[in-house]
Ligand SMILES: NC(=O)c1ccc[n+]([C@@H]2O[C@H](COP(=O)([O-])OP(=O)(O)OC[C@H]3O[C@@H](n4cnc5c(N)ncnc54)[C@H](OP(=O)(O)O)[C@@H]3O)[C@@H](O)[C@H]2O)c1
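Just the one chain here, laid out as structure tokens, in the form predicted alone.
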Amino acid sequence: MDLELKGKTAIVTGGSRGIGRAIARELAASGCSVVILARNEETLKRTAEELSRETGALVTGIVTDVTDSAAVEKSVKHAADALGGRIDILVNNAAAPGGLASGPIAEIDEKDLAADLDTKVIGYVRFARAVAPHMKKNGWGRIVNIGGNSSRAPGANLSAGMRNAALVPMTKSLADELGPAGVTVNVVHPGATWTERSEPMYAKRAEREGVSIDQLKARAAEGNAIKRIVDAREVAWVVAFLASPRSSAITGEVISASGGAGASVYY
């Protein structure tokens, strides 16, 4: 299926590594010009160069801090300039992997909890607010918020569950507000996901526990239907569809890209 993304422009926050990098690559490979945002200038520059070389598309890196409203506004302005004055797609992805505040409530640092929410929830709002005028002006836009399946099964990770759950009503509110302007807003919940950073992380853990990497991967996938860890590319495929004109009937929705994690049914 042609997703009709050729010529579109996109911003991907947290786009230098992990799921964000995979999403940026997929959008670029589908014909988008892409701006990736992150805090580490060296990693950002390297990723932008690599993705440009791999896809043949324009991929630009801009350093920004999603917790700074002025920096967000400035980075979106710079992104619009780099993209020829048009912003069609926003993928909100920037967050601390796994969340900062986990464990027993007596041990949770309130500053870590606040930082998590400021980055992933309020940070997403900052970017949506900054790109909305561009999308309204064009009469078309796509916003995809990357959450996480911990919103449905948080376990001991308090902030991860809180921040991902908060994205759901936020997404619906934005979808209702921006829908008349031709803008759709959806949230994608990844579960355990294999990225370029997984191999060394799993290797260290496997050595520490005296098991194989395959055993660890099987253990991580026990709770999903497909019995394997979802690859970041597979999450990116879902996001690329939601970012495309082909997804026009879907807005305000929550889509799990976890390989069927959990036993609950959601209506």
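Just count from 1 along the sequence shown to find any residue number. The model shown is predicted, which means the values in this text are computed figures rather than measured ones.
In what follows, reference is made to the form predicted together with the named molecule, a form of this protein that is not presented.
Contact annotation for residue 19: at least one heavy atom lies within 4.5 Å of the named molecule in the predicted complex. None of the heavy atoms of residue 236 is located within 4.5 Å of the named molecule in the predicted complex. Contact check for residue 228: no non-hydrogen atom falls within 4.5 Å of the named molecule in the predicted complex. Contact between residue 217 and the named molecule in the predicted complex is not found at the 4.5 Å heavy atom cutoff. Within 4.5 Å of the named molecule in the predicted complex, a heavy atom is found for none of 89, 141 and 256. Contact with the named molecule in the predicted complex, judged by any heavy atom within 4.5 Å, is made by just one of 52, 224, 33, 67: 67. Among the residues 159, 119, 186, 75, the one placing a heavy atom within 4.5 Å of the named molecule in the predicted complex is 119. Contact with the named molecule in the predicted complex, defined as any heavy atom within 4.5 Å, is confined among 207-215, 53-61, 36-44, 238-246 to 36-44. In sequence order, 163, 190, 191, 192 are the residues of 157-192 having a heavy atom within 4.5 Å of the named molecule in the predicted complex; the partner itself is omitted from this view.
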